[in-house]
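Let's start with one chain on its own, the form predicted alone, as structure tokens.
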């Protein structure tokens, strides 16, 4: 299942970081993103978000320049979060997700967490949410956590983000060890159009969760199920008989 919007409420925070980056590029501290920008600055990779903003607002800027600003703000805010003095309410668990995750564990299901975000921004999010839920360390709970990698500035690589199928395909193989031939024993859960496409391209049945941009992106028709909350998703899993053995 997805991180931002599905497991943790954080989209507003990351859109704010994108806005801060645009303010740097434009040298305008009053710049505000428009509502029409929102589907293009969430649910994709950092580079895709920044490319969109550059094309629309700052065509003379480069992606490298924008990434430098973005990661400057990200590093500062993540450091503040680790010191427990970060932006209040930036990373909160989605309503009902704690009970849902514990219910899946009790049934013996394996759970993978998937995000197009880089590790340095994704891990503090889920750690903060697990702290609120009092569920311990996320790496001890999940069977795998798949992120888009590490920032280029550290000599790492930002791997193919959603809607590319790599992240979800990797989660199935690395965590539960499920082959493509067994793909119908997997269900992917997403709240974004890019994520829905990623799951479907990976070959897995897909549950859409209300609250993201699935409706606005026109991808509801790609979902096998579309649910309003985790109780509905639990019922779908029961009906689909996605249980061990």
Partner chain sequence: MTLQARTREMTNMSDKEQKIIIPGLGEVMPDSGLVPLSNCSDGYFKTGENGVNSIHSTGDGKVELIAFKGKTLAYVNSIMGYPAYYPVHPVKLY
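Between two forms, the rigid core is the largest collection of C-alphas that superpose within 1.5 Å. As the structure is a computational prediction, the values presented were derived from the model and not from experiment. Positions refer to the first chain, counted from 1.
There is another form of this protein, the form predicted together with its partner chain, and it is not shown here; the text below is about that form.
What I'd like checked is whether 165, 197 and 240 together line its partner chain in the predicted complex, meaning each has a non-hydrogen atom within 4.5 Å of it. Spot residues vs its partner chain: full contact, yes.
To verify the annotation, which of these, 62, 184, 179, 29, has a non-hydrogen atom within 4.5 Å of its partner chain in the predicted complex? Residue within 4.5 Å of the partner: 184.
Close approach of residue 227 to its partner chain in the predicted complex, 4.5 Å, heavy atom: Taking the distances in the predicted complex, the answer for residue 227 is no, it never comes within 4.5 Å of its partner chain.
May I ask you to state whether residue 210 is within 4.5 Å of its partner chain in the predicted complex, using heavy atom distances? No, residue 210 stays farther than 4.5 Å from its partner chain in the predicted complex.
Can you tell me if residue 38 lies within 4.5 angstroms of its partner chain in the predicted complex, counting non-hydrogen atoms only? Flag for residue 38 set to no.
Is residue 201 a contact residue for its partner chain in the predicted complex, using a 4.5 Å heavy atom cut-off? Yes, residue 201 lies within 4.5 Å of its partner chain in the predicted complex.
What residues in 199-229 sit within 4.5 Å of its partner chain in the predicted complex, counting heavy atoms only? Those in contact are 200, 201, 203, 204, 205, 217, 218, 219, 220, 221, 222, 224, 225.
Verify the C-alpha shift of residue 51 between the shown form and the other one: is it 2 Å or more after superposing the core? Superposed on the core, residue 51 moves its C-alpha 2 Å or more between the shown form and the other one.
Once the core is aligned, does residue 64 move its Cα by at least 2 Å between the shown form and the other one? Result for residue 64: yes, a 2 Å-plus shift.
For a quick test of reading the superposition: does residue 42 move by 2 Å or more at the CA between the shown form and the other one, rigid core aligned? Superposed on the core, residue 42 moves its C-alpha 2 Å or more between the shown form and the other one.
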